[in-house]
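This document opens with one chain alone, in structure tokens, the form predicted on its own.
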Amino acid sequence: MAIGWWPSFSVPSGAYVKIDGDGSGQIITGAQECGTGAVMTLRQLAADEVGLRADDFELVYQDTSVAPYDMGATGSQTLFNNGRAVVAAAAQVAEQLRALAAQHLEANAADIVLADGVASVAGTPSASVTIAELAAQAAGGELLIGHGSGAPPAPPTTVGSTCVGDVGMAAWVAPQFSCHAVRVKLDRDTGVTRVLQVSAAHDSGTIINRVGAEGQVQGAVLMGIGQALTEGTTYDDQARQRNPALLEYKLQTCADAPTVDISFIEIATPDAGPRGAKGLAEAPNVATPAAISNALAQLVGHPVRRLPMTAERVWLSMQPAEPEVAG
């Protein structure tokens, strides 16, 4: 078993959200997709604000010269930071839709409910108009365009109170926590270790996209197994890498994947990302190798103190020490 934590750095980020005349939406953002999957969750956040489906939104995120600034996915920060920006931008569009619907339905804008592609009057669902109709109306007048950033939550006040400094302590705006337990099997004749089962419990705040979140944990657990057992670069005496290709650099494959049981402990977190969400993608990399190392230490009788804990290193660690020769 092992526990871990991962930071959530609070930085500015921006996004544009617009709905075209046919009722389809776009999110224009500087956030990039590099495997975290968080940009797909941005569509869900925007859709929830304006009463559409996530599939109604298209992401435009390759051109950083056109889109607002985003720090990047580094540290699993896309949802935490850019998610706030998308919600703020979509909220502007939602207000514009409510104003249009209020005119159309002769109601108060504060009483307009946006849901399931329809704008209706609270308590009177029959008094309604589709969002696509409102978008077509807006196409002939003031366009449905919103921009947002969302004020980054402030870090704890730490001036002069810690040797880490303000930059280091800023990671504690809304940190994640994890606890992993593993079951491993060791072949004592060869040192080969197999991970049979992983139980991963994570406090990553509110989970917005559960399918995506579970996929991130499964993938990161497998990466953590690779870090623990097989993945490591080696160099010769001329500083040239001896294993530069995937034939020699041993990645984990689907054949190595254990059963992964995932539990999300959703704790309401003030000053986190949208709806109290935190990051997630890299956090499982922390506890997984440590848990495997602790399991091997129980089997071997002492820690294997170098990563990756390859079969050769594990086997050598089990060999009796050579007796010292006097003189």
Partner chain sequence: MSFFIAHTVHDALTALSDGARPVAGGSDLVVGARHGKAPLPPHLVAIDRIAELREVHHTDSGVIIGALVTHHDIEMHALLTTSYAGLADGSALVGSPSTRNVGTLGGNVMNASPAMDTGSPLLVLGAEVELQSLRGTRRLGIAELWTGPGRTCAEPDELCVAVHLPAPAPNSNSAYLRLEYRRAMEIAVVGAAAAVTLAADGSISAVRVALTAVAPTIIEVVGLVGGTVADVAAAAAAAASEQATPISDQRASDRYRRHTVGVMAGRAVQAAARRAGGEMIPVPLNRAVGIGAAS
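On a predicted model such as this, the values are computed, not experimentally measured, just so you know. Positions refer to the first chain, counted from 1.
Quick note: we don't show the form predicted together with its partner chain, though the next part is all about it.
Colleague: Given that the partner is absent here, state which listed stretch (32 to 40, 47 to 55, 254 to 262, 293 to 301) has heavy atoms within 4.5 Å of its partner chain in the predicted complex.
Modeller: Selected stretch: 254 to 262.
Colleague: Can you pick out, from 103, 124, 243, 74, the residue that has a heavy atom within 4.5 Å of its partner chain in the predicted complex?
Modeller: Residue within 4.5 Å of the partner: 243.
Colleague: With its partner chain left out of view, choose which of 248, 95, 116, 142 has a non-hydrogen atom within 4.5 angstroms of it in the predicted complex.
Modeller: Selected option: 248.
Colleague: Evaluate residue 230 for contact with its partner chain in the predicted complex, applying a 4.5 angstroms cut-off between non-hydrogen atoms, and reply yes or no.
Modeller: Because a heavy atom of residue 230 falls inside 4.5 Å of its partner chain in the predicted complex, the answer is yes.
Colleague: Do residue 210 and its partner chain share at least one heavy atom pair within 4.5 Å in the predicted complex?
Modeller: Answer no; every heavy atom of residue 210 is more than 4.5 Å from its partner chain in the predicted complex.
Colleague: So in the predicted complex, does any heavy atom of residue 237 sit within 4.5 Å of its partner chain?
Modeller: No, no contact at 4.5 Å.
Colleague: At the 4.5 Å heavy atom threshold, is residue 9 in contact with its partner chain in the predicted complex?
Modeller: So residue 9 does not count as contacting its partner chain.
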